[in-house]
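Next up: a single chain in structure tokens, the form predicted alone.
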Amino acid sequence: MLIPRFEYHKPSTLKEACEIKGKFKGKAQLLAGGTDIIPNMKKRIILPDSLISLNGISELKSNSVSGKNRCARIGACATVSSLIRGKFLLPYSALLTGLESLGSPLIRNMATIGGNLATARPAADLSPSLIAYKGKAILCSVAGKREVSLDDFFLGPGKTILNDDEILAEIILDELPACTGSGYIKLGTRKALEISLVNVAAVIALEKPDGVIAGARIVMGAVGPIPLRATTAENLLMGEKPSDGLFAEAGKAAAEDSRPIDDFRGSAEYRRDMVRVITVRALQKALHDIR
């Protein structure tokens, strides 16, 4: 199937890309890996007047660990496969699991972390973990930069807080405190090229080794219009000693916090029940991951 006609722009700097995007006022789309937009253009789901390629902007591909707090800074155009190969994300095991479960090897070679976030798909593999880690996004425009919490980034399916002249440039993850572990579980009907039926990321931090839970974040995907925090489950965990019984109660609470719908891939009832099961597994994985 042929792609519809469009104007093609290939800026060499982030500032130039922001200027072009602002000029078209929402009628231009960004092209990074192209694993989402190109198929949708072929299907006539998206018909942009212009495409702005970000592939020539080196600053969007750089990754580093820097600053007094040892923040991990991830360029929005870093490919999934490059992040899997890199060593700096090893402490963020839930994110690495999400990266490894995304698409197939061919897709991972092209897909970018920024694209996975900016397309705002409710079943995306990376957003639950990034939110669970209290990730932040750096949004750039001609006017400058702003930093936003990924808790506030998503507005609905396919919708984010990005303005017409803004580009997602970088994702920031703070260094994890001591005695912190994380886990990510994805439910699908196969192991590759699969959209999540349900996915859950969990991060827990203990007050001290073998101590009570001092911090907990549980984020659910594919069970709401945006990734959802299971706040009832999080509050239930706080100040308690980890145990199978506690995690089972948290799973039930997370299921109540979810807002799934019926569709051709699964019923709301099934998804809600799977949230309960998968939340327990993600918490168990997080507990075993504590370092």
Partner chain sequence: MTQYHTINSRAPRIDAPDKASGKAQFIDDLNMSDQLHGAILQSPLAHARIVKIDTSRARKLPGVKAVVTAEDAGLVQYGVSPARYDETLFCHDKVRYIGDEIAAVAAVDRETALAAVSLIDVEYEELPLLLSVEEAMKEGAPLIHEDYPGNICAEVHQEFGDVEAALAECDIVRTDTFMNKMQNCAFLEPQGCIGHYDHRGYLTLYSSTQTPHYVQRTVAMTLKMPIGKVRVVKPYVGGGFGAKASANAMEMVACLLSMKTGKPVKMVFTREQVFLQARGRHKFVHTLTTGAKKDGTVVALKHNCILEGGAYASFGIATVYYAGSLLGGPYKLQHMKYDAYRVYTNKPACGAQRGHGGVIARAAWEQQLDVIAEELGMDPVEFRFKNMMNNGDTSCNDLYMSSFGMRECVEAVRDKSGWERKRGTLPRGKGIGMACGFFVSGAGFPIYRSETFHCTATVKLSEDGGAAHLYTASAEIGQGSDTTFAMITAEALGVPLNAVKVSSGDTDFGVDLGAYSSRQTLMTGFAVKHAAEDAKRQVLEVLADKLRISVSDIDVKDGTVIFKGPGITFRTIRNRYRKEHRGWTDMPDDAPLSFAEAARLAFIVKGTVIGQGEYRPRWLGGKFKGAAVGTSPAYGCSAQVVELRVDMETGQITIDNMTDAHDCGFAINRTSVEGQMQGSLLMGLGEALFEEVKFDQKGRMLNPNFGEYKIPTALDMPNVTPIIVESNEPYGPYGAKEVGEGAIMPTIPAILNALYDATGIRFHELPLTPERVYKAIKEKQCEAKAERGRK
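Residue numbers count along the first chain shown, from 1. Just so we're clear, the structure is a prediction, and the values are computed from it rather than from any experiment.
Beyond the structure shown, there is the form predicted in complex with the partner chain, which is absent from this document and is the topic of what follows.
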{"query": "Option touching the partner chain, based on a heavy atom within 4.5 Å in the predicted bound form, out of K252, K61, R265, R70", "finding": "R265"}
{"query": "In the predicted bound form, the one of K23, R281, K10, K15 near the partner chain [non-hydrogen atom within 4.5 angstroms]", "finding": "R281"}
{"query": "Any non-hydrogen atom of K159 within 4.5 angstroms of the partner chain in the predicted bound form", "finding": "no"}
{"query": "Distance check, G188 to the partner chain in the predicted bound form, heavy atom within 4.5 Å", "finding": "yes"}
{"query": "A192 within 4.5 Å of the partner chain in the predicted bound form, heavy atoms", "finding": "yes"}
{"query": "D273 within 4.5 Å of the partner chain in the predicted bound form, heavy atoms", "finding": "yes"}
{"query": "One stretch from 194-202, 167-175, 109-117, 211-219 that, in the predicted bound form, holds residues within 4.5 Å of the partner chain by heavy atom", "finding": "194-202"}
{"query": "The partner chain in the predicted bound form reached by all of E19, K27 and I290, non-hydrogen atom within 4.5 Å", "finding": "no"}
{"query": "Interface residues of 5-23 toward the partner chain, as seen in the predicted bound form [heavy atoms, 4.5 Å]", "finding": "R5"}
